[in-house]
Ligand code: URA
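So this first bit is one chain, no partners, the form predicted on its own, shown in structure tokens.
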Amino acid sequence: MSAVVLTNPLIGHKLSLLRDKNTGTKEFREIIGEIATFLCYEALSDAVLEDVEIETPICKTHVKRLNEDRYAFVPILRAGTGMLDGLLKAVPNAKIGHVGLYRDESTHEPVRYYYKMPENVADREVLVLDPMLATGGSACDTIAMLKEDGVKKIKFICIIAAPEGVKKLEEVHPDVQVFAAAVDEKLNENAYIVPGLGDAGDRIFGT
């Protein structure tokens, strides 16, 4: 399964602002949320709607509605939380889980320090959020934890992905679809995405 990449020209425009080192914290944070909303729409394009009877000002009719309670959003701390508001604008009643991981600067491998999921997470479709899919280590580790909890349907949502990260996810979790606003050129020797946009967490939180 290759990554689903957004191709709308407006997404390209928004990405150009994110990549610009002169873009300030407020604008950077807002654009991350905007792109996250678009990614959510794309990721839920296969959503199954339920038939519901309502009454319009004219008459009764049957409509299709999303059962929002069937979804959970799981940001990887801390940068993933910068995407959360964007997804909640699309599905405001989704449940929220959190995974705390940090990258060991010498091995570039993820180290877990926090894990908290909503009740009955195994019965929900889970969207994992992280602005950057670099080596894929944090993403693979998070998805493995969710699978241990019995989650059957998982999607990974990011702003920028490196080919190396996409490849690793495809190899380790071939059943998990990746949704990205862009797939960049490569990782550098420090495992940063090139050309990328810098450290997304630092830029979101102004640290």
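None of these values were measured; they are calculated from a predicted model. Start at 1 and count along the sequence shown; that's the residue number.
Keep in mind that the form predicted together with the named molecule is not shown, yet the notes after this line are about it.
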{"property": "Non-hydrogen atom contact residue 198 with the named molecule in the predicted complex at 4.5 angstroms", "result": "yes"}
{"property": "Partner contact for residue 87 in the predicted complex: the named molecule, 4.5 angstroms, heavy atom", "result": "no"}
{"property": "The named molecule contact in the predicted complex: residue 17, any heavy atom under 4.5 Å", "result": "no"}
{"property": "Exercise: residue 134 in contact with the named molecule in the predicted complex, heavy atom 4.5 Å", "result": "yes"}
{"property": "Residues of stretch 185-199 in contact with the named molecule in the predicted complex (4.5 Å, non-hydrogen atom)", "result": "191, 192, 193, 198, 199"}
